[in-house]
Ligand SMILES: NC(=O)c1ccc[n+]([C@@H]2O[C@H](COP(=O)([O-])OP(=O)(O)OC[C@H]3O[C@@H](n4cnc5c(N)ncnc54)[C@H](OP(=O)(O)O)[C@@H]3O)[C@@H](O)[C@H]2O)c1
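We begin with a single chain expressed as structure tokens, specifically the form predicted alone.
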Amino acid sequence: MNLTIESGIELNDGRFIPRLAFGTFDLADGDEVTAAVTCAIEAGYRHIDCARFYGNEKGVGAALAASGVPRDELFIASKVWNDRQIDGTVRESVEESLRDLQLDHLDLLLIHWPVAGKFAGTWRIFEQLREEGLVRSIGVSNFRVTHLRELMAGGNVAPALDQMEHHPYLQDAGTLAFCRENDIVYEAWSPLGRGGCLDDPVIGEIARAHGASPAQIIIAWHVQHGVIPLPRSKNPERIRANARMLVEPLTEAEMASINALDKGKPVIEGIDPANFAPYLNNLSSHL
């Protein structure tokens, strides 16, 4: 496997998505997120993951506009938040993202969470936006197998991607397997477990063997599984380090030892995409 930041994965709609993304959650709008995205682009990232909920797309847009990178070399994703998943506001949310990001189209648009009774209708609007060219690919975030089955049963287009919390301590083999079986690319938010996996002794031992950081090992583990990780940082050194993917792949034994770390442990105990409503008010301070 060619573990480089330039390589990509083919989506089920025939488009290609870079296999490593830069996350922008919890980066303050303005100078902070603009500096972080600028550093990420300079480090080689071309896939930038955004969302209206993050409240920083203006700062991301400033970095994109100043980057000098041709638009067709960038892959920009955004998401529609839960309270916009009603008729008349989905399109408005997308248009707001495009305005703030200073773009004429999104490469990927995701439903942020599977709001019961709303996500099927939202998906139909997504399909329309795709046909119109405002977005190139459409997908979902935080959708478990039951949500995916319901969406696919009522939609004309299967999701190109499902973005889930995924890291060595939370691997959700069932959703990952379903996505593989149905040609849905799997993307990992919180790929380092919000840093909780970095001090694991198993990962530390593998990192020493490769002369790499624990974060680089975890990123390689994701990539070798065909999962797209989206690490996030505002530290320039860490941004650059995370972009340097391993020259040599992890061995089968090393992959197996990281696989064995699964504890079914999310970064926020108790949050479940199937019943997340009680926690929405706290998401901004935890995710």
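This is a predicted model, so every value here is computed, not measured. One rule holds for the numbers: they count along the sequence shown, beginning at 1.
If you look for the form predicted in complex with the named molecule, you will not find it shown, but the lines that follow are about it.
Note that among 67 to 75, 172 to 180, 189 to 197, 131 to 139, the stretch whose heavy atoms approach the named molecule to within 4.5 Å in the model of the complex is 189 to 197. Residue 112 belongs to the set of residues with a heavy atom inside 4.5 Å of the named molecule in the model of the complex.
The named molecule is not shown here, and in the model of the complex it never comes within 4.5 Å of any heavy atom of residue 217. At the 4.5 Å threshold, heavy atoms of residue 46 stay clear of the named molecule in the model of the complex, well away from it. Mapping the unseen interface onto this chain, residue 242 counts among the residues with a heavy atom inside 4.5 Å of the named molecule in the model of the complex. Of the listed positions (224, 233, 38, 257), a single one reaches within 4.5 angstroms of the named molecule by any non-hydrogen atom in the model of the complex, namely 233. Shown here without the named molecule, the chain has 23, 24, 25 in 13 to 34 lying with a heavy atom within 4.5 Å of that partner in the model of the complex.
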